[in-house]
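What follows is a single chain, given as structure tokens, in the form predicted alone.
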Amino acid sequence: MSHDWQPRIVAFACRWCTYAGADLAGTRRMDYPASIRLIRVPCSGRVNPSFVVRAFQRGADGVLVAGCHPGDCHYIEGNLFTRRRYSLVKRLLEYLGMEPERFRVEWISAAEGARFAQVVKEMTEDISQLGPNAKMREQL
């Protein structure tokens, strides 16, 4: 592994909260790694587990699904659905031979730009420790 290697993290971000939090981090020029690729979704509850698996198959080293805090969902219960669904995704990743630490679910509000930046830093550090995702790329 080259010292120049930088993890590629795909983030599915709720448009109402997390995406706005990421925007806030950017407008306030908060420092965080460029390892993240944001995909804006209407709600974290709309992220199908197959999207997560596909991101790994297409070369992501880590995947983040982030949405509104429980109780603050624009769609009432979308993030509660996310919380239930993604406990299963970690088990699916283990079944596929992947480290479940490559996948993370976070609640980040529109006002939490600093939290968004911190989550990206932490996830980048964690994925850097694991190294590149070779397992899922082998299955293409």
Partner chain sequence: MRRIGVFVCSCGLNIAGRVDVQKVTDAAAGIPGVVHSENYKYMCSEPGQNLIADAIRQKRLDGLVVAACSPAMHELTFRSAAKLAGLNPYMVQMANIREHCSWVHRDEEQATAKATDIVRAAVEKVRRDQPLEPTRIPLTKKALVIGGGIAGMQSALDIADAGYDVVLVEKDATIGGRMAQLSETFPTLDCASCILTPKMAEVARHPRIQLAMCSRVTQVAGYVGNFTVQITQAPTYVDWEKCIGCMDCQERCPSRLPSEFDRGLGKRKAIGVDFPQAVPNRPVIKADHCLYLQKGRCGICEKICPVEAVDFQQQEKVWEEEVGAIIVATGFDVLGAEAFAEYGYGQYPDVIDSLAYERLNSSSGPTEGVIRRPSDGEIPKEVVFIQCAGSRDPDKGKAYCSKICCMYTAKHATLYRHKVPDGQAYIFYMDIRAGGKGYEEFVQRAVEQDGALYLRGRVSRVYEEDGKIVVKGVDTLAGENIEIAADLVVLASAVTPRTGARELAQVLKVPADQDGFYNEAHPKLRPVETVTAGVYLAGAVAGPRDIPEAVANASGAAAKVAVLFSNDELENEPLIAAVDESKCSGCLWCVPVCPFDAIEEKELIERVGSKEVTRPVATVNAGLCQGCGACSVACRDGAMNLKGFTNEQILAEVEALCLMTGSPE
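Residue numbers count along the first chain shown, from 1. What you see is a predicted model; the values in this text were computed from it and never measured.
There is also a form predicted together with its partner chain; it is not shown, and the following applies to it.
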Would you please decide whether residue 91 lies within 4.5 angstroms of its partner chain in the predicted complex, comparing each non-hydrogen atom pair? no
So in the predicted complex, does residue 25 come within 4.5 Å of its partner chain, heavy atom to heavy atom? yes
Within 4.5 Å, heavy atoms only: does residue 100 come near its partner chain in the predicted complex? no
Considering only heavy atoms, tell me if residue 66 and its partner chain come within 4.5 Å of each other in the predicted complex. no
Taking its partner chain in the predicted complex, which residues of 54-90 have any heavy atom within 4.5 Å of it? 54, 55, 58, 60, 71, 72, 73, 74, 75, 76, 77, 81, 85
